[in-house]
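One chain is shown next in structure tokens, namely the form predicted alone.
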């Protein structure tokens, strides 16, 4: 008898339908939007807690209030670091956009969380590449006028102590002493400010054996070098 091909019966698969249980763990676009909106609301509520109702920004009085809640002085370097994280453009003032930028990056939405985040922020800033940017920012932040490009020596001395004092104590103390007794400079420029940072990182101190007057250092540092040599003679 001739063979006949056996027929294979295939079951037709039923179309897969998505059930509610399948989607329970998948966040929808709307739920993500709601979560983001809620987070922003919390940040803005916190902002409004310290903001001036008339100007719509956190002004010096609001920063004082914030510092009180954070239990830090308004002259603490952590507040300057927070301003750096916000990319704040005006000394003593935080806008809503700047506030949101920092709190979003730090992943905080309450004063308590912000306080806990400050030590980690300081670690972030202390990383060499970040610190160079922060150091330059500290100078720009103290420029109180758009046309201003230099800072008075008294403020520079205070700023050096705050920003570099903990890292280059000996260099800062001697340089500040020099700035206070010299009469050639009433203000400091960004070039001089950045030059001193380079000096601290590159020149052995206090012997300064690798410092050369022939190299392109700001003149104020040449004068500081010669003042130091006279003291050591």
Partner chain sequence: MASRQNPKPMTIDEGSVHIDPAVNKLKRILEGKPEPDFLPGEYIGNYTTIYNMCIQKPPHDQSQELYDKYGGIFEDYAKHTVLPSIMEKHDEYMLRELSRRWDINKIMVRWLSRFFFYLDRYFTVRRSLPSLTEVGMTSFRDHVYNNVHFNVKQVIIALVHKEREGQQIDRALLKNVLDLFVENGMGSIKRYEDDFEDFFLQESASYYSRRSSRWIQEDSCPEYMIKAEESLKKEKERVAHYLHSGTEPKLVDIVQTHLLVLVAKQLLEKENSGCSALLRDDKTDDLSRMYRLYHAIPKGLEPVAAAFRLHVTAEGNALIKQAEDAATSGSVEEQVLVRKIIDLHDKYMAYVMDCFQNDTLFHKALKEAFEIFCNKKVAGSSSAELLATFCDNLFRKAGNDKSNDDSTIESTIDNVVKLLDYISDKDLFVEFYRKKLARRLLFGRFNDDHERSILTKLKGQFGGQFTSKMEGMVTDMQLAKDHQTGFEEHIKNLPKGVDFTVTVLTTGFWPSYKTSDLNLPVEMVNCIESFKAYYAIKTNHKRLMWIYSLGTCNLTGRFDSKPIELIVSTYQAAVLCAFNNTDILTYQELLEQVNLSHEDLVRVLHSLSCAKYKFLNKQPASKTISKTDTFEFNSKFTDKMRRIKVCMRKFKKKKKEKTKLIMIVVKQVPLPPVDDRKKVVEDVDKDRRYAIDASLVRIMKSRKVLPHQQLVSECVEQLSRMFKPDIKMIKKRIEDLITRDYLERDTENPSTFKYVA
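Residue numbers count along the first chain shown, from 1. Remember, predicted model here, so these are calculated numbers, not experimental data.
Only in words, not in the display: the form predicted in complex with its partner chain, which the text now covers.
Peer 1: Heavy atoms within 4.5 Å of its partner chain in the predicted complex: which stretch in 192 to 200, 43 to 51, 162 to 170, 60 to 68 meets that?
Peer 2: That would be stretch 192 to 200.
Peer 1: So, a 4.5 angstroms cut-off on heavy atom distances: do all three of 149, 185 and 213 pass it with respect to its partner chain in the predicted complex?
Peer 2: The answer is yes: all three residues contact the partner (heavy atom, 4.5 Å cut-off).
Peer 1: Can you tell me if residue 226 lies within 4.5 angstroms of its partner chain in the predicted complex, counting non-hydrogen atoms only?
Peer 2: Although its partner chain is absent here, residue 226 would touch it in the predicted complex, with heavy atoms inside 4.5 Å.
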